[in-house]
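Next come C-alpha cells for two forms of one protein chain, structure 1 first, structure 2 second.
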Structure 1
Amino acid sequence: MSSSSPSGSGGDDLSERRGIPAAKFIQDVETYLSQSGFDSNSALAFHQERLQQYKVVEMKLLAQQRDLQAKIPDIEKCLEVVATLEARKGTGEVELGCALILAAYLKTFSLKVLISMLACEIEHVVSQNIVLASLEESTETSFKSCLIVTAEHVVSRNISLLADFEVSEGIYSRACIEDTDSVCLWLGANVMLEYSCEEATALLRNNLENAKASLEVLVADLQFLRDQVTVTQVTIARIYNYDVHQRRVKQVTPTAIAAADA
C-alpha cells in the first residue's frame, strides 16, 4: 500500500497497525481538497485505489485466518493422540469395535459376515481358525458368549492398540500400534522428526499457543482493517456528493444570472 496520501483536514499524521495505514475521516471536503491540491476526480481516484488495497489485504488476512482455524484443531487432535498413547502405554487396553458388536446383537449382518469381520478384528491375537471354530454355533446366545470370551482372551494377551488412520481423503486403514516412547511429527516441507512423547507434547502445546496468539492478532487486524474500509467508503461518498453539489451550483448560477438580466 505505497500510494502517497494527500493530507486531510484533521491535522494528525496517519497512524498504522502492522503496516496497514489508517484512513482519516474528512470533516470538511472543501478544506481537504484545497489542502491536498487535488480536485474531486483525483481525490476519488486516490481513495478508490486505497479501498482496493484494503480489500486485497483483507483477502490475505482472511486466508491466513482460515489456515489458522484449520490448523488449531489439527494440533489439538495431535495432542489428544499423544496423550492417548501415553495413557495406554503398558495397559494392553483394546477396543473390539463397539459398532461391530452392536451390529451383531441387532443381527444387522449375517453370521458368516460377522465371523469374517470379527476374525479380522482380532487377527493379531487369535488365528482365524480358532475364531471360526469358536463361532460355529449359530444361536444368538452362543454368539454373544463367544464375543465375551474372545474379548477376555484378547485383553488377557495384552495386545497393542488398534487404530484407524487416514491414508488419504476418505480412505482409512487399520494399524496395530505397539507400546512406544516416541512419536513422529510432520514439520512441513516433507520433513518428519521423531520426538519422545514428552517432547512432542511440549512442542505441540507451544505450537498451539502460538497459533491461538496469531489468530487473536489476525482477528484484531481484520477488525482494524474493516474500520478503515468503512471510513474510506464514507469518504468516497462525501467527496462524490460534494462534487455533485458543486456541479449543480455551477449549472444553476448561469441560469440565475440570465434570469436576472432578463
Structure 2
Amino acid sequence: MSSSSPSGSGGDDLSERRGIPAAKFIQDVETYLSQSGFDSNSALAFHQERLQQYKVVEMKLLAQQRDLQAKIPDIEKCLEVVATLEARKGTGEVELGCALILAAYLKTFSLKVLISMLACEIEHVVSQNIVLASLEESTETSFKSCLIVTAEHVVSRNISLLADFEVSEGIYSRACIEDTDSVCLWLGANVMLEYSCEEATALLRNNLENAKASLEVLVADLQFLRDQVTVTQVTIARIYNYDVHQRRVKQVTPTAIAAADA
C-alpha cells in the first residue's frame, strides 16, 4: 500500500494495524486539497484505489474467519469424543471386580483370598461394598445370591463402546471400541500421533484456546478495517460534494460578471 499523503489533522488512534494502513480523517476538504496538491479528480482516484485495496484485505480476512469458525466446532467434537472414552474407561474396574467374584465361585478360591483381592477395587462402587460386606458373613446361599446380583451388573454394562460411523456417503459400519488408555490424534500433514487420554485432552484444549484467541484478534482486525473503509467512503463523498460545489460556484461567477459588465 502506498504511503499516506499529507492531509488535514485527523484524530486516528493507530496509524496502521497489522499491515493495514489507517485512513486519515480529513477535517477540511479545501485545506486537504491545497496541502496535498491534489486536484479533485486525482484525490478521488487515490481514495477509490485505497478503497479497493481495503476490500481485497477484507476478503482475505473474511476467508480466514470462516476457516476458524469451521475449525472450532471440529475441535470441540474431538474433545467430546475423548471425554466420552475417558468416562467409559472408569467402568472397567467394576467389571474386573465382578469377574473376580465369578472366578472365585467357579474355581472355589477361599473367601479370605477373594476379599483381599477385591480390597483395592471396591472404593468407587457401592454395590461392590454390599457384596463384600455380605461375603464376610455369608453362608453359601447368601454368597450365591450376591453373585447373581453382581452377575446382572456385569451383563447390563457393556465393556466396549459400540459406535456406528460413516464409511462413505450413506454407508455406515459398526465399530467396537475397547477400553483404551490412548487415542490417536490427526495433526494434519498426513501425521497422526498417539496420545494418552489426558495428554490428548490437554492438547485439544490448548488448540481450542488458540483458535478462539486468533478468532478474537481477527474479528478486531475486521472491525478496524471496516472503520477505515467507512472513513474512506465518507472522504470520497465529501471530496465529490466539494467538487460539485466548486463547479457550481464557478458557473455562477462568470454569469455574475457578465451581468455586471452588461
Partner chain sequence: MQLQGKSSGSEMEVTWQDQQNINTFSRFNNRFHELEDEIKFAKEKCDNLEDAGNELILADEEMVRFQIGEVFAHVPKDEVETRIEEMKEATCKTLEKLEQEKESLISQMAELKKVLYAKFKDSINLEED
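The term rigid core refers to the maximal set of C-alpha atoms that superpose within 1.5 Å between the two forms. Structure 1's sequence is the ruler for residue numbers, which start at 1. Keep in mind it's a predicted model, so treat the numbers as computed, not measured.
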I want to make sure I have the labels right. Is the form predicted on its own structure 1, or is it structure 2? 1
If you line up the core, does residue 73 shift 2 angstroms or more at its C-alpha between structures 1 and 2? no
Does residue 84 show a Cα shift reaching 2 Å between structures 1 and 2 after rigid-core superposition? no
Rigid core superposed, the C-alpha shift at residue 171 between structures 1 and 2 in Å: 4.7
